[in-house]
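A lone chain, given as structure tokens: the form predicted on its own.
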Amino acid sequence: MKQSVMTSPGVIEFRDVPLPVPASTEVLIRMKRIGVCGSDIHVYHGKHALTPYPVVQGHEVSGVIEKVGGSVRGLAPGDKVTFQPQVTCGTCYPCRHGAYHICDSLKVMGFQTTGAGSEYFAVDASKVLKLPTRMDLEHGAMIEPAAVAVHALGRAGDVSGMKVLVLGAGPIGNLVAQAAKGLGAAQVMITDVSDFRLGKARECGIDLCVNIGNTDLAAAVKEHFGEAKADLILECVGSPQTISQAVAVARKGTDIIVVGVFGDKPVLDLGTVQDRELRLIGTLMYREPDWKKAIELVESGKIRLAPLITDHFEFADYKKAYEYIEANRERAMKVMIVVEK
């Protein structure tokens, strides 16, 4: 079978490797779709400090089960599936207390261990989630980022009835905003400096879309949310400027969820954090309940994925996908690698 290997930043080779034989607890998946995410782009540019080369990427995926190991139950050939890409130790304090997503020895497929960038991929059945029969495999490959959004909101508890401010309208910010609305938020505002991305947010049903390149954020928050401002703020950019904006517009006692991945260490006004008793809350990846909720929100139509998928590239053109994203950063939302039609 063919396997895509990034041998060094910006260099992708296709190798012929043996077809995996699933162990007794594994399933063999015929890969269909692989989504390209921001962290993949960091690896492509050599800016992901925790990823060694060579690496096989692919962690936002969907496929169809080809074979199952002898001890696997509840899964069968022909099932549409996706899977959780974490590799955990199972023995550290977080793992022993149900927080395997922040395992002390956490590895992620496609970064610190082999991802699914192949025609077939064998994975332990415990990580596999069956997709609804009617779900498009394009959408199945986006359950992973949708689960990121669900988990991020869960860090704030029950968001029903809240006024939620989402900073950043890229794919993750968009999914966070949609999930907030789907989970019962009273109002959701999303901001960006790109009219294209804000247009996508409107297409996905987000009513309050504000371009902070030409509108004052504080004034927009007051206009739409009133004097009480936002109940919850989620930073989905990973920019020192954006996290500073979050702190500046927060009312006293507001929670700020840090969703964006920061390439540079931000300088933050901790005096304001202290004075207003703000809570900065980190969020990393997800757990299985987040995936199940994400599938439920997509299946019910509360999260719309089709508008976010802007481009497709054949498996053999993996490198062209990265080149396209580099040349079209504003307009490339979710780029999908088609492994098999």
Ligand SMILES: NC(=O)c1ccc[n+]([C@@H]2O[C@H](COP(=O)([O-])OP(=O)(O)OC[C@H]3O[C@@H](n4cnc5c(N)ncnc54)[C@H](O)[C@@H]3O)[C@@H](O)[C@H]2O)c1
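Owing to the predicted nature of the structure, the values given are computational and were not obtained by experimental measurement. Don't overthink the numbering: it's just position in the shown sequence, from 1.
Only in words, not in the display: the form predicted together with this ligand, which the text now covers.
Enquirer: Counting only non-hydrogen atoms, choose the one of 256 to 264, 107 to 115, 127 to 135, 76 to 84 that falls within 4.5 Å of this ligand in the predicted complex.
Expert: It is 256 to 264 that comes within 4.5 Å of the partner.
Enquirer: Considering only heavy atoms, tell me if C204 and this ligand come within 4.5 Å of each other in the predicted complex.
Expert: Contact check for C204: no, nothing within 4.5 Å of this ligand in the predicted complex.
Enquirer: A250 versus this ligand, in the predicted complex: is there a non-hydrogen atom within 4.5 Å?
Expert: No, A250 sits far enough from this ligand in the predicted complex that none of its heavy atoms falls within 4.5 Å.
Enquirer: How about L280: is it within 4.5 Å of this ligand in the predicted complex, going by heavy atoms?
Expert: It does not: once this ligand is placed as it appears in the predicted complex, L280 has no heavy atom within 4.5 Å of it.
Enquirer: So in the predicted complex, does any heavy atom of C103 sit within 4.5 Å of this ligand?
Expert: Judged by the heavy-atom cut-off of 4.5 Å, C103 is well away from this ligand in the predicted complex.
Enquirer: Taking 4.5 Å between heavy atoms as the contact cutoff, choose which of C236, A179, A141, L165 touches this ligand in the predicted complex.
Expert: Result of the distance check: C236.
Enquirer: Mind listing which residues of 288 to 319 have a heavy atom within 4.5 Å of this ligand in the predicted complex?
Expert: Contacts from 288 to 319: none.
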